[in-house]
Ligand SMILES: Nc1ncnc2c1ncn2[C@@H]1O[C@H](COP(=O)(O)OP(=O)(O)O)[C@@H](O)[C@H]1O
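Okay, so here's just one chain, in structure tokens, the form predicted alone.
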Amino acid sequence: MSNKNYHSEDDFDKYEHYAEQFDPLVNNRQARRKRKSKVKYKPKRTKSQILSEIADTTTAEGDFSPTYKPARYEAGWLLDSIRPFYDEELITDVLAVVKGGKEASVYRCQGHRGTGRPLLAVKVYRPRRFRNLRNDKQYRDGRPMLTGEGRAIKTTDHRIMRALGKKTEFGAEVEHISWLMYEYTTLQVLFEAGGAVPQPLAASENAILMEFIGDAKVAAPALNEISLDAKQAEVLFREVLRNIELMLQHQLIHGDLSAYNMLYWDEKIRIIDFPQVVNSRTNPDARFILERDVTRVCDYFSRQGVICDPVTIAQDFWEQYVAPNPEDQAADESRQLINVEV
């Protein structure tokens, strides 16, 4: 092996000594100031510029060319978010937008024959910088962050905890994924327990694929768009209460339950939109949130002829599923007293 271009550590030491002696910038402060590069001002990007970058950097690839033609600014995040479902042969096409919102939009998709469903729904979250979450901290209290696999992030994971605390870009991404995964995992739990929710099929970092409620012509309307006769209303009201009770049995409270977040199809309801779900035992505002959910439900059904008392209903639910059992509370107090005496 030739040593022609090989330099030893002594050679580099000699070079540093030479630089200290002869480089005019080492001991000449004025020269260093002249040599120092100036920081150029970089103006803050406008919302339109950010949208243009998203649209320009993400396009449909390969043979994935949906029937639905999104607007230019919508195309970037839509195609990027749903591509995993296409690659995994869960969907073959995006047919139409069903509902647009400040936080997410829902699309009707053609299901792959392997799913056994001709139509599926995909809920695509808007990019984090353009979402408008109302007081989401209230819902995050008392629940751990979730990974993309739906597992709770340990507080001993200092890298993630530090990123969350400093509100870095990575920390914001962790929060975004956790918000989405709470909706997906809640749908899984409730569907398996017999809840009136759409069946969840898959999740990506920015979208949830689920059962489509409706047909090829129209999506199921929200319950607030429907007028019911007294008999229908009574049946559906009891079904909503059954689902609130089912959630509480799993220590869950919807957090934004109303006739706007229930779909009506074939005389049945499906409850949707769960990202803000709270833990009934660890969220400090749990009782207030439960009472608000029950009140909104009763507001709608009372207009349909159902006689209901939201205060009594919420109190009964709280005492049965959340409030400490008197015997358990007495046992805890007894153990604390023994520990103090010891």
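Start at 1 and count along the sequence shown; that's the residue number. A quick note: this is a predicted structure, and the numbers were derived from the prediction, not measured.
Missing here is the form predicted together with this ligand; even so, the following discussion is about that form.
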### Query
Closest heavy atom of D273 to this ligand in the predicted bound form, within 4.5 Å or not?
yes
### Message
With the partner left out here, check for me: in the predicted bound form, does some heavy atom of P200 sit within 4.5 Å of this ligand?
### Response
no
### Message
Please tell me whether any heavy atom belonging to K99 falls inside 4.5 Å of a heavy atom of this ligand, as the geometry stands in the predicted bound form.
### Response
yes
### Task
Give a yes/no on whether Y184 approaches this ligand to within 4.5 Å in the predicted bound form, heavy atoms considered.
no
### Task
Would you mind picking the one in A121, L257, I269, I244 that has a heavy atom within 4.5 Å of this ligand in the predicted bound form?
A121
### in the predicted bound form, the one of N261, Q251, Q232, T147 near this ligand [non-hydrogen atom within 4.5 angstroms]
N261
### Which of 99-107, 136-144, 74-82, 233-241 lines the interface with this ligand in the predicted bound form (heavy atom within 4.5 Å)
99-107
### Summary
Looking in the predicted bound form, the residues of 196-219 with a heavy atom no more than 4.5 Å from this ligand, listed in order, are P198, M210, E211, F212, I213, A219
